[in-house]
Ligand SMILES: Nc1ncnc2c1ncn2[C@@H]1O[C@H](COP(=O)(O)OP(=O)(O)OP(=O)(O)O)[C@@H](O)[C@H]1O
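Only one chain is given next, in structure tokens, and it is the form predicted on its own.
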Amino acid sequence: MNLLIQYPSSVVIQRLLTVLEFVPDGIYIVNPEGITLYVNAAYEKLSGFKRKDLVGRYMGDLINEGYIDQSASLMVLEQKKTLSIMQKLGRKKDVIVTGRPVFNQDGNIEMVVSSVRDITYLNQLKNDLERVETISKLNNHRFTFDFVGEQKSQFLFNSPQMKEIVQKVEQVAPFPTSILITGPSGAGKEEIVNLIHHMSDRHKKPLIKVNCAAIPEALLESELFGYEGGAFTGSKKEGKMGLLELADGGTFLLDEIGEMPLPLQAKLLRVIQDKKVQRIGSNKSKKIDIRIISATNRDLEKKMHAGEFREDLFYRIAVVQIEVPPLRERLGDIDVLIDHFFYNFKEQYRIEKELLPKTKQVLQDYHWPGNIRELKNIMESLIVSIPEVIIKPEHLPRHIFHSAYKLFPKNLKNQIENYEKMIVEEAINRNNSIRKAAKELGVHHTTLLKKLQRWGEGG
């Protein structure tokens, strides 16, 4: 089926088709049933498809077979008006398609004529410009540095609080002083450790990181101090070098040091005091030169008063203290980090996405209880799990999207209630249970349920 067969008596049609063959834009014509009547030579060249494979075919079938991702012609037939869409040909080439209905004397659509223009190059220019602008913007708030044998690391900030921390790091990094970094989980404590190591004269030596909460107590001692062969059942015959010894000349991070058992705290204190390490099963000590950095999200002074952390160790590891505030207190960093992670994940997964300004505003106003780690995970999720190119506020996770409605309380009562909602929401997220959250908050389970129902958040 083609245009000449449908309109065999029309000399005008024949002349029109001849003219259309010389039009530089692709031309695509369908009948009222969405069946392809005609494509011109420019469309064949643009799409790489042969007209013999398209003429007589239903547009819906061509979508299902991957020729196009959507059909302007079918939309025009449905909506009965001219419209333009972005279309991808063969999942590769970007085009803009404008479909125009041709009505007969009875007001019915007789055919749809669509013009198709290649915008792949324009999109590439747009993407390149966006990439340059984003990189330029990020470079204003970035430390980039290399570790030996590792990929480049980046430290981004724009808030007064983080600028003050960076200045402090620049001051203390050259000295071998022990440093304690405190702050909530996901706030960026490990990035501060990387920065200290990079700015020190130890940056070409090892940076060894140990999470004291992640290694079972029975194994932690042998991991830290090493052992001689045959020191205990199951030990290697040749023995093993401990991580403290392995870090000689470099920097050693004790992450989550608040979880270290008391007996190990005593041994660590001796290492810091004597600058020597002794393997399990050995009577010899080896001199080491390491800088100790400790990190925790716990209140170590409270643990000291409870007898769970040694006071003498605390003062040894906390010669310099750096407190990393939660992300919600560093509003200047949120915008920079959103751009950084969104851009990086687009590059990593080779996916083109765009955040609407109002979507970004919701993200900037969210209180981020999970800090940078939560923000990074949300950005990755938006890139890989949202099929649309334009990311709208409603594409955000429900708890973030709903938070947008609580941002602008008008009076003191509403402000207090807004703050109360935030505390309750964080407690429920931490405990994964309304009952446990109520217990933590010191209110009755029924009281909390009534509040949630009043706020429209309860089931």
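One rule holds for the numbers: they count along the sequence shown, beginning at 1. What you see is a predicted model, and the numbers here were worked out from it, not measured in a lab.
Omitted from view is the form predicted in complex with the named molecule, to which the following refers.
Residue heavy atoms within 4.5 Å of the named molecule in the predicted bound form occur in exactly one stretch of 383-391, 333-341, 314-322, 98-106, and that stretch is 333-341.
Residue 376 belongs to the set of residues with a heavy atom inside 4.5 Å of the named molecule in the predicted bound form. Residue contact with the named molecule in the predicted bound form: residue 258 places no heavy atom within 4.5 Å of it. At a distance threshold of 4.5 angstroms between non-hydrogen atoms, residue 87 is out of contact with the named molecule in the predicted bound form.
In the predicted bound form, the named molecule lies farther than 4.5 Å from every heavy atom of residue 118. For the options 265, 185, 161, 285, the residue carrying a heavy atom within 4.5 angstroms of the named molecule in the predicted bound form is 185. A single residue from the set 190, 365, 223, 248 has any heavy atom within 4.5 angstroms of the named molecule in the predicted bound form; that residue is 190. In this stretch, 289-306, the one residue having a heavy atom within 4.5 Å of the named molecule in the predicted bound form is 297; the partner itself is omitted from this view.
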